[in-house]
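This document opens with one chain alone, in structure tokens, the form predicted alone.
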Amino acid sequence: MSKPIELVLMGAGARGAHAYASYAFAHPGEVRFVAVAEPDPVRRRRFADEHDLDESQTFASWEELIQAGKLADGALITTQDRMHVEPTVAALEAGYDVLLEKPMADSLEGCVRLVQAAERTGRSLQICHVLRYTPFWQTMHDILSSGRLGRIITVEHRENVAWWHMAHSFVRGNWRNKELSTPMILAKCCHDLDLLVWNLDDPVVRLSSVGSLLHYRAESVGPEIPLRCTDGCPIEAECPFSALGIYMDARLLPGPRALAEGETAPNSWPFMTMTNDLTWEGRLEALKTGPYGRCVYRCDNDVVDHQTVLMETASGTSVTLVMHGHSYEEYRSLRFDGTKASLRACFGHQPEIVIYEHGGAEEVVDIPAASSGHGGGDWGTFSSFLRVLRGEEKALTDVRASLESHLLAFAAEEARLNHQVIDMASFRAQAEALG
């Protein structure tokens, strides 16, 4: 094998340092990281120690890393959503091929700017639509592309976000407020919209959407409920959103066991996002002073907790996407009905695909095992990026292909807010003109 691909990392949070960069530990002959840019000194030092980087290879900002000149073959950019465009454009112009975390940008203008920057510089810009790279969704894609279902008449796709995940990410966390991050339909469902675009290969012509924030708001509880779960809340013990129950003893999280009092939490999501000090004392202090200890009814969140998008494709297929944050379990469920057969599937803890032939047999489809997070998609995406850099394949999720799902998400939010039916041809034309 040729020498390992060399990469730089911009943003050493959970997605960058753990979901993707961990691939280097298992495949040292394929890739190695030679620099990191991360403003948090603890995360920066941790990543440097894990990847054997010295001080000259660590930077407090992406600007400092870019100013150091081209240090590697490619760049992995996993900064916060609102910080995607500038470092990515700078990296492309510096000669890096880039793997960029989704969503690609927090605005239509930003998305178009990224497409234009990649095409102007001639560099590869691959977006982390990781679900395309999972065994489950690749099996789904093969079935739908084969024509086995006949002409697709209607599609139902549900993104069922577990109640505790909703509370962690979209009520207390980084994606709680659209002015600080992005609308939830973009942050959470650009994956789902990308899968629909990929699997149907049939452009959406019309789109409408409804949704709102119903539950996670002050009106849902009385004045006796304090600002924080650590402030003697009278309903904390039975509250399914208790920060103590999620981050301290973990009794509300799915998994094999709770954490004993005094026990240090594992360096894994969601614990790693709340504090760098995962000891019992460190987590408790983070709940008393940081955003993750707030009552879910006392936060500054404004993103929806449920939204439905209705779409019509060029061939006449009707598509319904439902996203909500009140599920008993984290999973995606879907149904495709065609003229020859129906398909029902579940992508979650126990993935399943079943085909029901009209007047015929029922088949449970074999799904290959997954090997990393997001059903194998995290490492699948990263491995693909390395093959793209080696010239072995074309990116399955390059920036031009990924633009369509983002356009649909922005159109859905506009339709929801303005009570409109969006003509997608006009919407696409307006978006392209922004550049």
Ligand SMILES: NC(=O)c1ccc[n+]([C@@H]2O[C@H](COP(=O)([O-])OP(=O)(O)OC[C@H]3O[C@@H](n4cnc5c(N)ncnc54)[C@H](O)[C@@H]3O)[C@@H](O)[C@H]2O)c1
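Start at 1 with the first residue shown and count on from there. Please read these numbers as outputs of a predicted model, since none were measured by experiment.
One more form of this protein should be noted, the form predicted together with the named molecule, which is absent from this view; the next part is about it.
- Using a 4.5 angstroms heavy atom cutoff to the named molecule in the model of the complex, all of 81, 128 and 191 count as contacting.
- Although the partner is absent from this view, residue 12 contacts the named molecule in the model of the complex, with a non-hydrogen atom inside 4.5 angstroms.
- With a 4.5 Å cutoff on heavy atoms, residue 67 does not count as touching the named molecule in the model of the complex; it lies far away.
- Heavy atoms of residue 101 reach within 4.5 Å of the named molecule in the model of the complex, making it an interface residue.
- The named molecule is not drawn, but in the model of the complex it has no heavy atom within 4.5 Å of residue 28.
- With the named molecule left out of view, the stretch that reaches within 4.5 Å of it through heavy atoms in the model of the complex is, among 382 to 390, 395 to 403, 364 to 372, 39 to 47, 39 to 47.
- The single contact residue among 198, 241, 175, 216, judged by any heavy atom lying within 4.5 Å of the named molecule in the model of the complex, is 175.
- Taking the named molecule as positioned in the model of the complex, the residues of 47 to 77 that bring a heavy atom within 4.5 Å of it are, in sequence order, 61, 62, 63.
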